[in-house]
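There is one chain below, alone, in structure tokens, taken in the form predicted on its own.
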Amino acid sequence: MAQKPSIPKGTRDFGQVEMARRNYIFDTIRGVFALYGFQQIETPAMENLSTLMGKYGEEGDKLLFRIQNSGEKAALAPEKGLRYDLTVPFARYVVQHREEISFPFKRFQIQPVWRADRPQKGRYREFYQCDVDVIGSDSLVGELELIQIVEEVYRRLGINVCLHINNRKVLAGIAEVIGAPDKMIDITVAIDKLDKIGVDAVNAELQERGLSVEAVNALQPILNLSGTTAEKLVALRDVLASSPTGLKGVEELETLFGLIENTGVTLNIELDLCLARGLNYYTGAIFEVKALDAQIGSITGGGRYDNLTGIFGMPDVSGVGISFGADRIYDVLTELNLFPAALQSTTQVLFTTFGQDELRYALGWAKLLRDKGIAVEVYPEPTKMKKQMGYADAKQIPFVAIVGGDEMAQQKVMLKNMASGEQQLVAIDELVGQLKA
């Protein structure tokens, strides 16, 4: 007995309905990226493992998919892995192609990435990211444009979101003032889970990672600062007074929020001091976007990285980027029923026929319509009309052009509106006009 076909856990097939919806997301995001002058590149699905290792923190390294070398010289070939994200391959790309690039370099990528994670709702082993980055400038205008892009993308998609902002320099300053400067990574990895596992579990993890009880206790009031953004920033200045790094982070946040106010951004934005972003390469502003009307994790995230290209031999090149999680956005749009109803239908008119002569007649009309940019299908055989009409219904094709002997004699077709049931006899020019309307 043949084995039942299957796909790896954490991956999915996408049928025509899913692809129409996914392309709606990709096209929406791509259109907003273009408004800000970003241009598209692509990088390979696999990278040398040395490119990926050590860039995502201890936990990230564990989630890398490794590719087994094969062939005669397998033992001599560099180890490879599937890309974990698009940012590290982008940094490698910048260094490798530096002579061809004009800085600041504004690029976007829409490609799949892979993580050996435990599959669950909103979390897959293969998923798409839509990344937008600007590298070669340390201006906070980069952060502002990313925030404006987030605002416009989710306005177009109709999703209510909140953008959470923090700064890794602030987190480094906090580690300094609680007496644990060498534990900054441990602190960020732990508090980044606050929303998922709760404060008690985070505190326990901090102690497991080597923080003293006194340091953990000192951290609590800092993470629980309340009030307006302005009030939090004032309080942070006092808390971090002994940390130049922390004060620099506060200054960057003040500048960024000033730019946000000056440019009229209306997006719901929160200064979130518990936001850490687990990736080690972030050095400045960090972002996460969460949907307000759906129970799901972050649907967009990113931040500033000051020296990611340095690990590839090109130091002191600052960049900032953000990544839209297409799969989670898809889940939110599905849950909230926000996909446009007409997405599934791409064909504008289906020709149905009663015989071979009518079929040949319809094929000629179909070519004329396609030459004018109209999407057309011709049912490939003159079978029962009920079956042909059923095909149009199943594909949600809005119009059917019926071809019989009488229609051919008059050099016309009978056009049926599938929504209203109305029928009318039309010539080719009239048909073009109706379909172009």
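Residue numbers here begin at 1 and follow the sequence given. C-alpha atoms forming the largest set that superposes within 1.5 Å between two forms make up the rigid core. In this text the structure is predicted, and so the values were computed from the model without any measurement.
What comes next is about the form predicted in complex with a further copy of the same chain, which is not displayed.
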Legend entry - Contact assignment for a further copy of the same chain in the model of the complex, among 177, 184, 141, 234, heavy atom within 4.5 Å: 141
Legend entry - 326, 336, 359, 225 - the one with a heavy atom within 4.5 Å of a further copy of the same chain in the model of the complex: 359
Legend entry - Any non-hydrogen atom of residue 42 within 4.5 angstroms of a further copy of the same chain in the model of the complex: yes
Inset, instruction - With heavy atoms only and a cut-off of 4.5 Å, decide whether residue 313 touches a further copy of the same chain in the model of the complex. - result: yes
Legend entry - in the model of the complex, residue 417 touching a further copy of the same chain (heavy atom, 4.5 Å): no
Inset, instruction - Look up in the model of the complex whether residue 82 has a non-hydrogen atom within 4.5 angstroms of a further copy of the same chain, and give yes or no. - result: yes
Legend entry - Heavy atom within 4.5 Å of a further copy of the same chain in the model of the complex - qualifying residues of 34 to 62: 34, 35, 36, 37, 39, 40, 41, 42, 43, 44, 45, 46, 47, 48, 51, 62
Inset, instruction - Answer yes if the Cα of residue 330 shifts by 2 angstroms or more between this form and the one not shown on a rigid-core superposition, and no otherwise. - result: no
Inset, instruction - State yes or no: after fitting on the rigid core, is the Cα displacement of residue 115 between this form and the one not shown at least 2 Å? - result: yes
Legend entry - Is_shifted residue 41 between this form and the one not shown (CA, 2 Å cut-off, rigid core): no
